[in-house]
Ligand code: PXG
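This document starts with one chain, in the form predicted on its own, laid out as structure tokens.
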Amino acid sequence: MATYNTQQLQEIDGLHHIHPFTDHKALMEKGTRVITRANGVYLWDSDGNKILDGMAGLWCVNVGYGRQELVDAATKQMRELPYYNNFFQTTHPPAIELSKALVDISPPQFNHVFFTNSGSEANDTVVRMVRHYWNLEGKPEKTVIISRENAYHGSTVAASSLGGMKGMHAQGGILHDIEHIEQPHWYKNGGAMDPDEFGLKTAQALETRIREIGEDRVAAFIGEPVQGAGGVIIPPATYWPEIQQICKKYGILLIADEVICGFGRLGEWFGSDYFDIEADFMPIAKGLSSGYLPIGGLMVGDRVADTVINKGSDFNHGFTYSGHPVACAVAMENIRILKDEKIIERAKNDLSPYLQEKWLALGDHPLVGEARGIGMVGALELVKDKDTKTSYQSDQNVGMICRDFCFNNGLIMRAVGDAMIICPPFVISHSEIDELVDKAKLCLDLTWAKIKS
């Protein structure tokens, strides 16, 4: 097994590597954590510390680390055809086969896919295709896309514009004609309303905004079935049916961003299956290859595809690596593993009930205002006062304190503000779920003790 000089690696990293979403001055003071290998649900760093990955990488390593089948699929494809593009009336077997495989597992209105390399690129593509569609339909004034506050749809210019995170908007380059409405976060925003009442209220904000803007200008609405990076925001049962009714009433396109929820995260192939969402677009990525290679895509519904294919000429959009043959081959093998090993069925019927029972019990902790979860995701809302739902001041950084305790105690649990979130691989065992929850409880205890002191 390789040995590493952690300090030397950290110094080189600090000199040359600009990290995503990072305060570099603070990072250099702490020193980066160098991950060197992984297997199953565990990572090891350069000092040999074993860490339970409660976030499946970045919401993506659904089949777990160390799957030799995925390595073999990449190796075989690299030997046969390591690269060719899909421009110039050209294609290749991996892209063809993956297209059909994705159609087979998607809701019935999806019979076409446009390949990208990430979820951000998939959402860039959706902005262009939405506006292209309406232009072909003779309604070029329909350019406005409505999203939600605190939504995350990626970090490119178009994707961060769709997102509702003000810290990203403040750094510039934001597109026009993107609007945002309230998110369906009952715990934070529901007040005295019951969840179903609040779900209807937040959904009806879409109709209010359409009328304010003018229905002749509104092109689409976008939302994740469950908001992931926003803090695992699970909409009340009334939310999605009302959103769909409004979209149908005004004839606007509906985009279900499946980058996180897709490929089994909620116990179904897609979050749209779980919530019975009949979308016109589904951006996909992450779990498509279980993170083993970068690949994403945009599932395009028949309503849009029929217009774009039959009324248009060129759709002047694409990427050098759209439908990269090696990434497609790995994604195909990943889908085969999910099917043949019935991993999604086990996540739904076995792992999710066990995880949620253990996870929701953490809601009794004095630091936790709400424990929530669905499928293979969960969140803990850390609060100063459980009865009044009073939050800590932002400069107290309670979530980051808890995250640091997690780092130091062999657990990756992400902080989104003062919400602690998990998203483990689907290959986690009951005993590993027990370990995850026990370590989360320890870190909550340490955080609580530090705050009180």
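Numbers for residues come from their place in the sequence shown, where the first is 1. Since this is a predicted model, take the numbers as computed values, not measurements.
Not pictured, yet referred to below: the form predicted in complex with the ligand.
Interface membership of Leu58, defined by any non-hydrogen atom within 4.5 Å of the ligand in the predicted bound form, is confirmed.
The ligand is not shown here, but in the predicted bound form it comes within 4.5 Å of a heavy atom of Tyr152.
Arg414 belongs to the set of residues with a heavy atom inside 4.5 Å of the ligand in the predicted bound form. Taking non-hydrogen atoms only, Asp124 never approaches the ligand to within 4.5 angstroms in the predicted bound form. Contact with the ligand in the predicted bound form, defined as any heavy atom within 4.5 Å, is confined among 116 to 124, 313 to 321, 337 to 345, 232 to 240 to 116 to 124. When the ligand is considered in the predicted bound form, only one residue from Ile260, Leu288, Ala279, Ala220 comes within 4.5 Å through any heavy atom, namely Ile260. Interface residue among Glu224, Glu333, Glu268, Glu381 relative to the ligand in the predicted bound form, by the heavy atom within 4.5 Å criterion: Glu224.
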